[in-house]
Structure formats: C-alpha cells, structure tokens
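What follows is a single chain, given as structure tokens, in the form predicted on its own.
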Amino acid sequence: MITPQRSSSGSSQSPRSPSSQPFLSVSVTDPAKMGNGVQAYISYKVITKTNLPEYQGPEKIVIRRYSDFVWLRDRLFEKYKGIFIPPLPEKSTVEKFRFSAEFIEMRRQALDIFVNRIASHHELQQSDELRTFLQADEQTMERARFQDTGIFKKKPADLMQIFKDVQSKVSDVVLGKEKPVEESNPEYEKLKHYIFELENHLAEAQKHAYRLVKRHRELGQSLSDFGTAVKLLGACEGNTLGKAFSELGAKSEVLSIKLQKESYHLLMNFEEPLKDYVRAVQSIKATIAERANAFRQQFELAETVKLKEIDLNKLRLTRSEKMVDAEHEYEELKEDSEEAIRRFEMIVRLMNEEIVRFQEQKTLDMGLAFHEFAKGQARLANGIADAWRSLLPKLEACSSSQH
C-alpha cells in the first residue's frame, strides 16, 4: 500500500496507440506556499499521464491543495461502500511545523501515495470523482468542493448520528436493556480482532520508529557539537596532538552529517510507512463501521417487514378499508428490505476482495520498509566504523609518541 503502482509503459509507447497497455500514472510535485498568515496554504502540481480514452489527453497538469484531496477522499468514501479508501496524511495544527521543509515533503509524498493508490485501484480509477480531481481547472474544483450537495449536507450529521447510535447501543448493552444487532460470523469476528490488533502493534512500532529517528538526530547533533569542541581544542595545540584532535573533530562532523541524513532516510522510508499503515487500518475500521451499519439496517428492515406482514394479515381477515394502503406500504418496505440486503451483501463481497488486496500490498510494503531500515542501518554502521577506523593509526601514533 505504500509504494504507488505506477506504470512505466507510457515512456516507450505512443499514449494514444491502440496497442498500448492501459495506464494511469499520477505525480504530486512542486509544493509551493500560497498566501500569507492564517490564509496561507501549500499548493501542489498534480501531473497525470494516461492513455485511457475517458481522459482529455495523454498529459494533464493541474494545481491542487490539501482540501481538494480531502474532497476526493470524502466523495469516494460516500460512494464506494465496502472498498478500503486510501488514507490521507493528517493536517498539521501546529503553526510552526505547517510550512517546514520536512513537513511539506512528508505531506507531498503521502499525497502522491494516496492518489496513486486510487489511480491503481480497479474500481476507484474509473470514478468520475478521480477524473474531476485530475482534470478540472481550479475554479471548477473549488466549486465542486463548496457545492451544497446532499452528500456534504448530510455527511457530518450522519457521522454524528452513527456515533450517537453506537453510544446508545453501548449504554443499552451495559445497562442490560438490549443486545447489539451484530453479525454472528466467526470468520468476520476473527478479521475484526486481527484489524484491531494490527492497529495497536503498528502504532507501537511507529512510536519506537519515531524514537529511533529522534535518537539519530540527537546523536548527530551531539557529534557535531563534539566535533566543533575538539577542533577548537586541537587549535590550542600546535603539535601532533593538536593535529590529531583537529582530525578527530573533522571526522565527528562528517559522521554528524551521515547521522542526520540517515535520520531523514529513517523518517521517510521507515517511520512514515508505518504511520501510513496506522492510517490505512483506521480506514479499514471505517469500512467495518459501514458494514455494521448496513447489517443493522437490513436486519431492522427485515423485522419491520415481518411486523407489517402480521398487521396486513389482520386487516385482510377483517376486510378493513385500510388494506389497500397497507399493502402498498408493505410492498415498499419489502423493496427497501431487499435493497438493504443487496447493499449489505455487496459490502461483504467487496470487503472480502479488499482484505486480500490489503494483505498482499502490506506484505510488499512492510517488506520494503524493513529492508530499507536494515539497509540504512548497515550503511550507517559501516560508515561510522570506517571513519573511526581510519583515525586509529594517527591516534595510536600520537599516544605512542608520548611514551
């Protein structure tokens, strides 16, 4: 899930050639600060290369900001129930970090991954929302973001209602009033348990990865400070000792740079992928909540249909004049119930497909992240060992000359 699946076929084939393999490649590049003060934000250049006929041409460049990416994710989440919508990086609320070079690059990389995941997903890549995001001019995109559609009017209220419903259900269970309406599916229970465990373990691993990054930075800074101090010490000495101290200080400063570089490598290729998977699991949990909601709806509608059928049979026995309206209401409820069942079954089918895809991608991404970690640590350890080893003869000569 971390590595965007980008096609390289576009570089050697004519973009509109009928024999070309279909491809859709997206790059998020060139972050630039726009505006000032509280109105300031970062814009990104989004470059799309494709030979898909539904797109306007082989290459399109548009300017997007973070809220445009949020719009895309929200729209897809509303429309594609059962599919794990890729996560977005968090929005920094700390003013001093919002426009730091490191934060901007982390954000750019995460947004690039986000949009390429969508572009490489067999269903999401066909969405009108993605085409709008990749092709619309800035004014059209802004109108799409702010239009008062039913989706955006009801979404926050729906979310609040879901939270209230869950809270109410939990209270009822705790008080012994009601048992929650849940699936009794052992395999699905096992999956939910796995997802919650995975989130905890990933979060713990990410926390320690953050500490490793911090430790590398602190050690790098300490070596830099030590190098400066030892070089000054060497400058006080005009003899062999002074020269040795100066070289020791210089090596310390070189190693400081190596450690700073490795801390950045750790951050981008190890800590960030782990953090990204924490977010990905949270997206899966959102889909689990949607599945629970769909199950509850189809269950409650089925129960309502049963009760309405009993009422209808009573009216038939008494030949009530209300029977025609009751039959019409019953048929409508039955249709709603069947539609709710189809919706739930579709979510189940899609989730089963998605979890397989997620596991396969996770294996690749985590393998890559831990390989990068081990490779970086080996490179750093060898660099440190070589640097100190190169100093040993001079320091030994210095110490032996004093006897």
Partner chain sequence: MMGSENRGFEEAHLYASREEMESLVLDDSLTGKSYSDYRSAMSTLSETHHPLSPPIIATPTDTDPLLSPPPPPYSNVSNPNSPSNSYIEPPSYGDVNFSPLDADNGVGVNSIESPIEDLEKSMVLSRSSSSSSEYLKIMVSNPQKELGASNSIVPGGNTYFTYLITTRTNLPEFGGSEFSVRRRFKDVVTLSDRLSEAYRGFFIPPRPDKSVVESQVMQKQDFVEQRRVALEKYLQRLVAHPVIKKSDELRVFLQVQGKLPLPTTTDVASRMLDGAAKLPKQLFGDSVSAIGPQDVVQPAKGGRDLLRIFKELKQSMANDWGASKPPVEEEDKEFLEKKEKLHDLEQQLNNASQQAESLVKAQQDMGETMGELGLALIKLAKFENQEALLNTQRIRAADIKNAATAAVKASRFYRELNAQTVKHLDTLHEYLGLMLAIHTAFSDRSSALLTVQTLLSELSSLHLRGEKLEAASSKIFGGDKSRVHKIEELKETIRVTEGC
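It should be emphasised that the depicted structure is a prediction, and the values quoted were computed from it without experimental measurement. Numbering follows the first chain given and starts at 1.
Below, we refer to the form predicted in complex with its partner chain, which is not included among the displayed structures.
**Student:** Hey, in the model of the complex, is Cys236 touching its partner chain, heavy atoms inside 4.5 Å?
**Tutor:** Residue-level check for Cys236: yes, a contact with its partner chain.
**Student:** Does any heavy atom of Leu52 come within 4.5 Å of a heavy atom of its partner chain in the model of the complex?
**Tutor:** Leu52: no, not in contact with its partner chain in the model of the complex.
**Student:** Is it the case that His121, even though its partner is missing from this view, gets within 4.5 Å of its partner chain in the model of the complex, heavy atoms only?
**Tutor:** Contact check for His121: no, nothing within 4.5 Å of its partner chain in the model of the complex.
**Student:** Does Leu241 reach its partner chain in the model of the complex, with heavy atoms at most 4.5 Å apart?
**Tutor:** Leu241 belongs to the contact set for its partner chain.
**Student:** Based on heavy atom distances of at most 4.5 Å to its partner chain in the model of the complex, which listed stretch, 320-328, 100-108, 134-142, 192-200, is the contact stretch?
**Tutor:** Only one stretch passes the 4.5 Å heavy-atom test: 192-200.
**Student:** Can you pick out, from Asn185, Ser127, Thr304, Ser222, the residue that has a heavy atom within 4.5 Å of its partner chain in the model of the complex?
**Tutor:** It is Ser222.
**Student:** Considering Leu315, Leu212, Leu333, Ile257, which brings a non-hydrogen atom within 4.5 Å of its partner chain in the model of the complex?
**Tutor:** Comparing distances to its partner chain in the model of the complex, the residue within 4.5 Å is Leu212.
**Student:** Please determine whether each residue of His216, Phe226 and Gln377 possesses a non-hydrogen atom within 4.5 angstroms of its partner chain in the model of the complex.
**Tutor:** Yes: His216, Phe226 and Gln377 each sit within 4.5 Å of its partner chain in the model of the complex.
**Student:** Could you list which residues of 264-288 come within 4.5 Å of its partner chain in the model of the complex, counting heavy atoms only?
**Tutor:** Result: Phe270, Tyr277.
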